[in-house]
Every structure is written in structure tokens, then in C-alpha cells.
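Given as C-alpha cells, the chain that follows is alone and in the form predicted on its own.
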């Protein structure tokens, strides 16, 4: 597949209902996932698990891109084929998480900034040579008493814009991920307000930096109630408010919006995406970039056992297909069983 042009790469990743498998958990995060099934996290076990997902039949036609952790980008499958090639053979494009995590914006603050710009250009050159076609950088925004502040939003969005500019100069598509966290008791309207502020700032900074929006993908949160909010918004309200927030703040020339699941249940992540796409067609594709919401069922079936690999791949393939249907507005609960 020859996709050199940034716009073509971005469009391909979210074409025909396809979405992104986020398999870029840091070593610390995947250890927590493995602890939940009592499996030791080693380079070998991480590779076995991720190869299992990449080799699943459900990758084909449902997954347009896979976000990798740096370790995985450089690993080979059990038969010696590079995992980059395994992904490409399934018709998906390999990408990589390039940020270096979070630090508090100031001492004692609950607000954070994302690090990793200092050597990003050099790392991007290496990742491109290995075969990465796109990258991802995550900014984290908390809602709470007096936060998010304008300073926190603007600093994080400025860094996202700087990141995107460096990545495009290295011939890869940047995924910009400004995540307004679900953590907290805030209402859906408070999430709407924070998300709107974040997106306004993001696209202002991207424009100021002359980032090519047509060669960029947005990975936002959905506009949703805080996880501990006593009044949880219904599926339709989440869909309508998320779409309205995007229509008000996201340029039409952006090729695709691939939502993060952000701690939602598998079914809710799928149902929310489907409800948005049932509202109508938009200038950009509305798709998915899910980690847990694509992987959790497979992880629980696998349990680290070779004899469970086929069943775990079936569980993953099912979720991939369900989310493709949601990205096309063709999902309903009855087809889950």
C-alpha cells in the first residue's frame, strides 16, 4: 500500500468505518492489566499478548491503524517477522506514542503538562525509518475546583501544536489527543465547557503553528458525565452534546476524529459512537481509537494461556467489528450476542 501523502494516510486510517487499536500502554500500565489476570509482565509476555491481537482476523477491514509503545515498534513476532510488518499485512498502518508522560504544572498542582519535545525530532526520524506512519501525543486535562485553568489548557495545547509540527516535518501524521478526564463528580455540562475550551485553544495553536489540519487526526474525549457524578447522562445526550461541541470547535478540513474510550465500558464506548453517527454525516469521520474498550474482553479470555489464544482473538475481533459498525452508525445491542 502506497500512502505517502499525509492527508491520504489520515483518511485511510478512518476510512470505511475503520478505527485505531491503541496498544501503546506504557510498561507500567500494561503491568496493571497483566496483574489483573495474574500474569507477569515481561518483554516476552507483552510481545505474545500484542502479537495475538495483531494476528487476529478482526484486524482486517476493522482496524486502520495501531498505536504502539516504542518497545513494540522494535519487536519481532514469534516467527521472526517484525510486528510492524504483521500489522501492515493486516491492512493497518503502524503508529507510535511519542510523548514522555506527565509532570505537575507547578508544585502541588493537580494540573499536569506533557513532556517529550526536547528530543522528539531525533526520535521521529528513527521511528519513520522503522516504518511508523503516524504518531500520538496525549495531553491530560482535569476538571475540579477552579480547574482546568486557562494557563494549563494553553500550555498543553501549545505543546500539542509543537509536537504536531515536528511530526509532520518528519512525514508522519500526528494524532493530537487532548483528554479531558472522566475522573471526578462533574456534570456533562461541565465536561462540555472544559472540552470546548480545550478544542478552541488546540485549533488556535495548530493554526498559529501552520500545522496541516488535513494531515492530522483528533483523538478527543467524549462529552460525558464524570465517573462519580450521581446523574449520569444517557447515551443520546452524550452523543448530541459531543457532536455539538465538535461542530462548534473543529475545522471541517480535519479528516477524522477517533475518540478515546477513557474508562467507559466496552458497550457504552460502542453505543455512544454509534449514536453520534446516527445523528447524521459530518465533514469529518467519527471513529474510534480504543485501548481497554477493544482489548479488555480478549485479555480476560486469554489469561496468558496459549490454548486460549484463538478464543481471545475471537473476543477482540468481535469488539473491533462492533466498533466498525458503530463508526458507520449500523450498530445495535441485538448484534452483540
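Numbering follows the first chain given and starts at 1. Keep in mind it's a predicted model, so treat the numbers as computed, not measured.
The following text describes the form predicted in complex with a small molecule, which does not appear among the structures shown.
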Quiz item: Would residue 13 count as a contact of the small molecule in the predicted complex, using a 4.5 angstroms cut-off between non-hydrogen atoms?
Solution: no
Self-check item: Residue contact check: residue 272 to the small molecule in the predicted complex, 4.5 Å heavy atom
Solution: no
Quiz item: Looking in the predicted complex, any heavy atom of residue 262 within 4.5 Å of the small molecule?
Solution: yes
Quiz item: Counting only non-hydrogen atoms and a 4.5 angstroms cut-off, does residue 58 reach the small molecule in the predicted complex?
Solution: no
Quiz item: Can you say which of 231-239, 187-195, 148-156, 253-261 gets within 4.5 Å of the small molecule in the predicted complex, counting heavy atoms only?
Solution: 253-261
Quiz item: Is it true that 22, 136 and 219 each have at least one non-hydrogen atom within 4.5 Å of the small molecule in the predicted complex?
Solution: yes
